[in-house]
Every structure is written in structure tokens, then in C-alpha cells.
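What follows is a single chain, given as C-alpha cells, in the form predicted on its own.
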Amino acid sequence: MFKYQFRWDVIPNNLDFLFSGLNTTLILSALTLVLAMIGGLVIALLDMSRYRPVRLVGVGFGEVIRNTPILVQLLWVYYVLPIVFSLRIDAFTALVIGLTVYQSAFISEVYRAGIQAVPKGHREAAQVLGLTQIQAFRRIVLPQAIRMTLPPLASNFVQLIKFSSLGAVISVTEITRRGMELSSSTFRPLEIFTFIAVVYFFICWPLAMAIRLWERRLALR
């Protein structure tokens, strides 16, 4: 029977190297979430536009992004976009663009559901008070919609943390890529990737539990 000799000392001996990748993972996830929240709002507004051509652009963009694999989109941004537009895009920027576009398409659905959930009477009351449509949206509709969509947006942050591991494919030095590099030099993939899985779990699981608790509290109000 094959007997594997565990060498867990490879983890403490290389913690700084691995955690430098974790720092990149968290920065990348936070930056992408902010950009995706903005992009998602834009797409949601396009989807709900009264003008059919504008609405078709928003719906079409969302459908294409949501129904193609994120890895293919990421590789397209990294390899194809520079060729088409004669641009130089580094791996980190390509990952930010790819994840932002992908998450924006899903966050737009969250925003749209939140906006449509705002009672119609609130909009009518804003009109009675003399607010323009833009003022009513900015002061009345959007604050309520954001409050209702905060838990789903937080869930998207958890997804982003996990999706950031795809950066390893294009050599972004996040924690999974660091693990791959360390594994190739130490030949200890079992210990290294087990540790990385545990790190992801202890980041994502508390966030997921907090989101569930948050949703339950909102449901009771």
C-alpha cells in the first residue's frame, strides 16, 4: 500500500510567501466588488429603461455574460482584448476586468429586484412632493433598494473571493497561484492545497454565516 509521508512543516516555513498571495486575493476581491456594484447598477438601469434599444443592450449584455463560463471570459479578456484593441493589459488588470464584468451581470439582477420591490406608492409620493424622476430615484428608490440588496451583495463578495482563485490561470499572484508555485518547488501539493482550502473556508464560512443571520433579521422586520 502506498504510504504518503506528510511534511506539514512546509506550511509554517512558507507562511509569508502564501500570505502575500492572500493579501492580493483580498485586495482584488474588495476592488472588484466596488467596481461590480457600480457596473451592476448601470446594467440594471439599462434593463429597466423605457427605451427599447437601450433596454435591449442591457438585457443582451447580461444574458451573454451570465450564460458563458467565467473562465472563458477571463481568458478572452487576457488574450483577445489586447489583440483586438492593441492594448497592453497585465494579468491583475485582466482579472479585475473579467471578474467585474461577470459579477456586474449578476449584481444587476439583484439591483433590479430591489428597485422593483420598492412600493409604487413611494414613487407616487415623491412625485406629489414635486421631485423629478432622477431626484425620486436618488433620494427615495435607490436608498431603499440598496438596503434590501445588501445581503445578496455580501454574498457576491464571498463568491468573488472564491472566483479570485481563477487568477492562477493567468499568473496573478493570489494565494492559489502562490500555492502552485510553492508546490512546484517543494513537491508537497497535498499539504499546500489543503492549507489553502482551509484558509478559503475560514474566510468565506464566517461571512456566509453572518449573511444568513443578517437575512433572518431583515426578514423579521
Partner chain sequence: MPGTAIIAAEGVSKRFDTHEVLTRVSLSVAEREVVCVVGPSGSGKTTLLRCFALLETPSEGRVVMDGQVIATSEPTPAIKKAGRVVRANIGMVFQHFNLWPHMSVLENVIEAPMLVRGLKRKDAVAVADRLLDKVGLSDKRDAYPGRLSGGQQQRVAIARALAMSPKVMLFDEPTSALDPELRREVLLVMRQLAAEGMTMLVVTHEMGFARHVGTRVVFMDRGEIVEESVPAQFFGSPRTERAQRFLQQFED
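Residue numbers count along the first chain shown, from 1. Owing to the predicted nature of the structure, the values given are computational and were not obtained by experimental measurement. Definition used throughout: the rigid core is the maximal C-alpha set that superposes within 1.5 Å between two forms.
The next section is about a form of this same protein that is not shown, the form predicted in complex with the partner chain.
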(Q) Counting any non-hydrogen atom inside 4.5 Å, which residue from 84, 72, 117, 129 sits next to the partner chain in the model of the complex? (A) 129
Q | Residues 155, 162 and 206 all lining the partner chain in the model of the complex, heavy atom within 4.5 Å | A | no
Q.
Can you work out whether residue 144 and the partner chain are in contact in the model of the complex, taking contact to mean some heavy atom pair no more than 4.5 Å apart?
A. yes
Q. Would residue 93 count as touching the partner chain in the model of the complex under a 4.5 Å heavy atom rule?
A. no
Q. Using 4.5 Å between non-hydrogen atoms, is residue 89 touching the partner chain in the model of the complex?
A. no
Q) in the model of the complex, does residue 77 have a heavy atom within 4.5 Å of the partner chain? A) no
Q) What residues of 109 to 127, in sequence order, lie within 4.5 Å of the partner chain in the model of the complex by heavy atom? A) 120, 121, 122, 124, 125, 126, 127
Q.
Quick check on residue 120: with the core superposed, does its CA move 2 angstroms or more between the shown form and the other one?
A. yes
